[in-house]
Structures are given as structure tokens and as C-alpha cells.
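Form predicted alone, single chain, as C-alpha cells, below.
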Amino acid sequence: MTVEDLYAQIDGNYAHAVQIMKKDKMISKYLLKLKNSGLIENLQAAGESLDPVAMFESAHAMKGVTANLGLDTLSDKVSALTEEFRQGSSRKYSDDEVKAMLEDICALYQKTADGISEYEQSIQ
């Protein structure tokens, strides 16, 4: 499996990732790091308490990484949470809606992580 094949499987924006990272080797390196980064676990933990600072920080971190990797759908969903909990912004979503957003993000992340695992096995 190539990096481009992986992006097709996980609905990523390969062209955007190449524009940012320049080489498949760099994209691969950071995709593999994403899977074990703890970003999703941090977001889930913040989601349990709905602590505004923790939600913003964890969502913002995940948004940056996923945006740079061209994981546009995941990045867009996490971006909505980032803005929801940005200091000075008023909340637009109920707690239940935020929890539903988190479930969607977790499911999409899992699909991405599964694709990365398959890719990782193919390159070993």
C-alpha cells in the first residue's frame, strides 16, 4: 500500500498533505506518529468532563496535526470543537451535541487509525 492509497482509503486529502510535507516519507512518518500520539485519548478525557480549557487545548492540538496531514474531514470536525470552546466565544452546542460530535470524531479517528495500521503492516 502506498501513502496515496492510504489517503484514498481514509478519505484524506493527499494533495494537501504533499503540499505541506513535500515527501511521502515525511507524510508516512507523521501519520504513524498520529496513531500513537495520545491526541484522541486527550480529547476523549476532556470530553468526559467538558472542561472548556481542556476541550479547547486538546481539540486545537488535534486540529493542527490533522490539518497538516490533510485529514480534512477529521480536521473540520475537530475545528468545530475548537471554536466551540475557544476562550471568549459563546457556546453554540449543548453538552449532548458536543458529546455526539465527539462520538463522530472518535469513529472517524478510528477509521483513520485502522487505515494507518493497515498501511504500517504493508510497509514492514
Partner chain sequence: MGNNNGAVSNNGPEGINGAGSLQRYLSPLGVWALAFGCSVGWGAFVMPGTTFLPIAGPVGTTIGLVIGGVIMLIIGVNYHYMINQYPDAGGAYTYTKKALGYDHGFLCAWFLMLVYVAILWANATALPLIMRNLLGSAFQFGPDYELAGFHIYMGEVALAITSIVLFGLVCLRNNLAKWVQIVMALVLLGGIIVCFAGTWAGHQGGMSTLKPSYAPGTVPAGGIMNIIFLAPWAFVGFESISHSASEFSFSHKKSGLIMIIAVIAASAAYIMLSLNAVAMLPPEYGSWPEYLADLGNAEGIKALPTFYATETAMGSSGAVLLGITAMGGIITGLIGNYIAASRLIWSMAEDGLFPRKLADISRNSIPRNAIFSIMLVSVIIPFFGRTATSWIIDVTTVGAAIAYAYTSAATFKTAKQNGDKKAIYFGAAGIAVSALIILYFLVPNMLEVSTLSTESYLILAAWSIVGFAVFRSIFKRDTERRFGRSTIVWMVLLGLVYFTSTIWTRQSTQRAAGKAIEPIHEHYVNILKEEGVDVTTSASKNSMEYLHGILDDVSDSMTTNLLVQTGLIIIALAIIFSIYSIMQRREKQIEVEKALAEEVSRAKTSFLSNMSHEIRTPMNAIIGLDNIALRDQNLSPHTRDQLEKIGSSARHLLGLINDILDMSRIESGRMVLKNEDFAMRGFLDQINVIINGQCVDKGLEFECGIIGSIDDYYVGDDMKLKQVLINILGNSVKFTPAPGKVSFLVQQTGRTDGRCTLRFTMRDTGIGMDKEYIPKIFEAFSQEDATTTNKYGGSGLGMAITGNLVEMMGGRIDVESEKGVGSTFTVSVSLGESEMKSHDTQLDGMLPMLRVAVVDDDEVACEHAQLVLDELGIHPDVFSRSPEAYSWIHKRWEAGEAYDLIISDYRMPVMDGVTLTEEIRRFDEGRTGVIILTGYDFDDVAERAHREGVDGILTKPLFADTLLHEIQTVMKSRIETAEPDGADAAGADSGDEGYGLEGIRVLVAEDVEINAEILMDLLEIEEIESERAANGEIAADMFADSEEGYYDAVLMDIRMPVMDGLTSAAAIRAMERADAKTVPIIALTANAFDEDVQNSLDAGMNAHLSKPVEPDKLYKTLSELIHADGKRKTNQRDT
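Residue numbers count along the first chain shown, from 1. Model, not experiment: these values are computed from the prediction.
If you look for the form predicted in complex with the partner chain, you will not find it shown, but the lines that follow are about it.
Remark: all three candidate residues (Tyr30, Asn68 and Ser79) come within 4.5 Å of the partner chain in the predicted bound form, counting heavy atoms only.
Contact check for Met21: a non-hydrogen atom falls within 4.5 Å of the partner chain in the predicted bound form. Although the partner is absent here, Arg86 sits close enough that one of its heavy atoms falls within 4.5 Å of the partner chain in the predicted bound form.
Put simply, His16 is close to the partner chain in the predicted bound form: some heavy atom of it is within 4.5 Å.
Contact annotation for His60: at least one heavy atom lies within 4.5 Å of the partner chain in the predicted bound form.
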